[in-house]
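A lone chain, given as structure tokens: the form predicted on its own.
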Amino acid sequence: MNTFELIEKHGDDHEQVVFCRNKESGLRAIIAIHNTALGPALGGTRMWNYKSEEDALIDVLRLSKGMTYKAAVAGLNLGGGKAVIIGDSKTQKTEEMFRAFGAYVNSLNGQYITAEDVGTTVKDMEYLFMETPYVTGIPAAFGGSGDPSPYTAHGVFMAIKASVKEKFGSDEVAGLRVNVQGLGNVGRHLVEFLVQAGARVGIADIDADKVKGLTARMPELHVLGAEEIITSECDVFAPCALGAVINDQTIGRLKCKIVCGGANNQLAEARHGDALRELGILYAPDFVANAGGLMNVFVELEGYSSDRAFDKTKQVYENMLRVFKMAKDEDVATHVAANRVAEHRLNKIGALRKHYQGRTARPHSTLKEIVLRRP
């Protein structure tokens, strides 16, 4: 299947797909802008050693669409975009690569604003900032918010509380068994929130060092294997690694009552959301649950305050309950209800505005001046 056929199959509703290549630095990247009806597209840059360019393209198309829906449900004046850099984040990163990528981001004149994601760091965003103002999650020394993962994790924690309330009638997580798959920045912080709340937490990660690091500080954690974390009996299964963990091979082996985690695109296909419903497992749609990081960087656009960002992530609780209510009222699966909530806002508010056209950055312009000032 050629590139255009892939885009037509997986991203025919996208506004723009940009392929980025810089021979000198070894940069190979793709930027996907899905929808800018509500505002400029904002989404992180992921660096991953994809098996093929086709896999990278499919991933960025799916992720960027998810960002559109995430921003819409969260009530933010942002559109959806995403970027992927093809490569090994542990061995292939260079300053030149990220500055070359920053030049590509800058060429879009504010239609796309980037941030951290899997495989990228605050330091990487600093390199981008040397070439473009259209980047969030930059170090606090530059007026940014730094690492957004604690805020993403807190939003997921609030989503778990909302899910527990929906399933059990109370949002108290103390004593419940929560299995967290993936101990990256989001998963690690989520574990800390859960332990502080008194949950009994199981963990798993393919990186043994991450497991050792957490258990050294919290010996009460229950360590599970990579497969066992999916099949082990628990109240909440929290996927916080890569997507498509709910698929034909895993869904019949789940022994949880709730699926609620920080990973993007947890359902391999939409029909798996219907299957979870049939099994009596409550699914917390991922783009609602993991919106805390996006809320945090949106506050950065306004002029950053960590307290305000932390308070904003609490809204994930009410957003999730709203999705659950619509699912019950309209007798549909929760992933369908979440899409309807997002699409309603996109249609109503988006109709009032044309696609975001971006604006050329003046020297020393701030994102607040560039993005939040309406044309």
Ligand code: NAD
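The term rigid core refers to the maximal set of C-alpha atoms that superpose within 1.5 Å between the two forms. These numbers come from a predicted model, not from an experiment. Note that residue numbering follows the sequence shown and begins at 1.
FYI, the form predicted in complex with the ligand isn't displayed, but the following is about it.
Q: By the heavy atom within 4.5 Å rule, which residue out of 110, 144, 184, 87 makes contact with the ligand in the model of the complex?
A: Only one listed residue qualifies here, and that residue is 184.
Q: Between the options 207, 278, 228, 220, which residue brings a heavy atom to within 4.5 Å of the ligand in the model of the complex?
A: Of the candidates 207, 278, 228, 220, 207 is the one lying within 4.5 Å of the ligand in the model of the complex.
Q: Should residue 122 be classed as touching the ligand in the model of the complex when contacts are defined as heavy atoms within 4.5 Å?
A: Contact with the ligand, no.
Q: Looking at the partner-bound form in the model of the complex, is residue 201 within 4.5 Å of the ligand by any heavy atom?
A: Flag for residue 201 set to no.
Q: Does residue 132 reach the ligand in the model of the complex if we count a contact as any heavy atom within 4.5 Å?
A: Taking the distances in the model of the complex, the answer for residue 132 is no, it never comes within 4.5 Å of the ligand.
Q: If you check in the model of the complex, is residue 79 within 4.5 Å of the ligand, heavy atoms only?
A: Output for residue 79 is no: heavy atoms all beyond 4.5 Å of the ligand.
Q: Hey, with the ligand in the model of the complex, do 43, 63 and 114 all fall inside the 4.5 Å heavy atom range?
A: Result no, not one residue of the spot touches the ligand.
Q: Only one of 257 to 265, 300 to 308, 135 to 143, 101 to 109 gets a heavy atom within 4.5 Å of the ligand in the model of the complex; which is it?
A: That would be stretch 257 to 265.
Q: Hey, which residues along 131 to 158 are within 4.5 angstroms of the ligand in the model of the complex, non-hydrogen atoms only?
A: Contacting residues: 148, 149, 152.
Q: Residue 67: with the rigid core matched between the shown form and the other one, does its Cα shift 2 Å or more?
A: Yes: residue 67 shifts by at least 2 Å between the shown form and the other one.
Q: I want to check residue 154: does it shift between the shown form and the other one by 2 Å or more at the Cα, with the core superposed?
A: No, the C-alpha position differs by under 2 Å between the shown form and the other one.
Q: Taking the rigid core as the frame, does residue 312 move its C-alpha by 2 Å or more between the shown form and the other one?
A: It does not, since the residue 312 C-alpha is displaced less than 2 Å between the shown form and the other one after the core fit.
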